[in-house]
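Only one chain comes next, encoded as structure tokens, the form predicted alone.
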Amino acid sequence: MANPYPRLLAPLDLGFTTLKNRVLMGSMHTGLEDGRKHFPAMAAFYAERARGGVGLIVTGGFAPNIEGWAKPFAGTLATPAAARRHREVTDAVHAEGGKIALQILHTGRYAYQPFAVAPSRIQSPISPFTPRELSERGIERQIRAFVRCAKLARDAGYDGVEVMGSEGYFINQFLVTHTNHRQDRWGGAYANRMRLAVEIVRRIREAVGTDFILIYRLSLIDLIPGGSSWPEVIELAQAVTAAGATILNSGIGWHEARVPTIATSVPRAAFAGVTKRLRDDLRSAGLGIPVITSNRINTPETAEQVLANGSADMVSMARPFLADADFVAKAAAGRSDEINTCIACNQACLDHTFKNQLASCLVNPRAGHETTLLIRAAPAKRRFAVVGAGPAGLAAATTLAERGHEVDLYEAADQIGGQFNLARRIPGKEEFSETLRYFSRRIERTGVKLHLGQRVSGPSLLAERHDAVLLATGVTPRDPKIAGQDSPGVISYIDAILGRQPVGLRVALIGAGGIGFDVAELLVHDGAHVSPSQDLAAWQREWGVADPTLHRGGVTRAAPAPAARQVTLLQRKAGKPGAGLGKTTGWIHRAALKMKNVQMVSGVNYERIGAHDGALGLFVTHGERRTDGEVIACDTIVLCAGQVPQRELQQPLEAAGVEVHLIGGAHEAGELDAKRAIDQGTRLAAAL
């Protein structure tokens, strides 16, 4: 069979070594780096990706010293003893035919610990600790720590290192006057501000020799006011190349930037054009150093395209290898329809990291748990019924079938997906369709017997005499019990999302959880329009992402399109609306709605719904004392007031002596949680 991705799967000759393809598994913090007890799990995690065909793996970040810690006792490589422990990881990767580089990450003022250091004493907005300003001698100590870390990485068997010079971390903090107020030889003119980066690369190269991969992660577009100018980016790229870098990797945006860069609402390959500009400018200067592009590339087709149009020499994908360790192998075998695609939800990866939990993946709960969540052949074949083909039911049914069991999957609707069929209609969540495509193919491949359009009853299930029944029957909307809620113009969130009822121009949403935010996003963009996540130029205008050659830092004033509707989002709870949204994406949803002038009101009591001045009125009061009554005039009221489990089959089945398991929304409704549902379905099926 012809190579389906000739550029992506082509080898890359670095002179002293050759990478077997153009795929980099980019660095991401998993939490496995932060304790020696996790090293066996980390070895298994990376070995599985190496076995899946990745050309080069970059680890999560390891600090070169205590000052560089992301948090207390974060992963550090600073002693020969630590290097020896890393042999378990590098040996495992090499045994699978892979190559692996260690990322050296010094967080600088981003450190969430009291030993933080920086070029100037300026606190970061994402850390409560004010950093200590380094003396010139202190800067020299940090450089030596980087060099020591690189040498130890080589001793540990790594094939190279990546120096983290972007995303607003330590080295990046020296580059811009926003964080570097120094007036000595490490501040002031740009030649001084970039001195740290160049010295680190030059001295590492001298220390490790010529036959060791040295990637420099270069911030191409800071996305903060006062960020680097494009001439400065090019000057630094040329300088670190001359200093000995083997490859330049694209860094996009500082962590404090108010622009999303990797969330699902960001268009695919949104920043590949910036990497292309860097590559073109370097080629014009006679420099042929390989350049890597990154951010929101999650399919082999997208990766192939950015290589085909000259945007890069290599493609970095990090979270796609959480979603599917065999991404490259499947692409090479012409089985890209079997790839479990990263949907960039952040819920089990970045959200876990920022809550000091081990990272995993919403669509692949085995990620990071390869040594504990084992999918093994069943000792004896059994017959299972899974009722409901939402995320929990899909995960359970296909895992059971993979283990050799006979599985009947019943779904009352005419398609699989459950609540995902609602989620994928929301602007910015179109990627959820990929998960349904993956499960549809997995059902075919595993032999699950799928029964669509079939609402089963207790007697019909009993007649089939399955060994056990898994109820993944999901949820039904909660009744908020508001006087007048049966008035014309009051509809459910399901009707609003599916377009089954008309929605007027003035809308009140009752409930500001995840569903309320999703419905608001849908209504302000209007389902008839292409969402910004599908239109790169519109998305750039929406968030103020600009041409870095024209605007310093690549950021300008946001110019969102007018909202299609006037929306008011209300919640009973006091406090910030959307407090239960994802830790790393909640701010994006709130900012997106504020740009559309959505009014968000907390601490509301819903008194009644009725006619008001010839229109529909929502009568509310505020606080425990039910004061400050007012009427919100609207054309449509959408009920987004939560869900309750659907469990009507449980009692008759258990009464008949059937083994019954509840998973997903049927087990716990709460805020709809696909991460919990898929994890629960997978783990139960692995154990039965």
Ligand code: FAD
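Residue positions are given as counts along the sequence shown, with the first one as 1. Just so you know, these numbers come straight off a predicted model, no measurement behind them.
Omitted here: the form predicted together with this ligand. The next part is about that form.
- Contact with this ligand in the model of the complex, defined as a heavy atom within 4.5 Å, is made by all three of Ile497, Gln646 and Ala674.
- Only one of the listed residues (Trp230, Tyr410, Tyr110, Phe174) places a non-hydrogen atom within 4.5 angstroms of this ligand in the model of the complex, and that residue is Tyr410.
- Note on contacts: among Ala520, Ala423, Leu102, Ala303, the single residue with a heavy atom within 4.5 Å of this ligand in the model of the complex is Ala423.
- Contact check for Ala118: no non-hydrogen atom falls within 4.5 Å of this ligand in the model of the complex.
- At the 4.5 Å threshold, heavy atoms of Thr473 reach this ligand in the model of the complex.
- Contact check for Gly388: a heavy atom falls within 4.5 Å of this ligand in the model of the complex.
- Proximity of His86 to this ligand in the model of the complex: non-hydrogen atoms within 4.5 Å are absent; the residue sits far from the partner.
- Stretch-level contact check against this ligand in the model of the complex with heavy atoms at 4.5 Å: of 137-145, 448-456, 180-188, 535-543, the positive one is 448-456.
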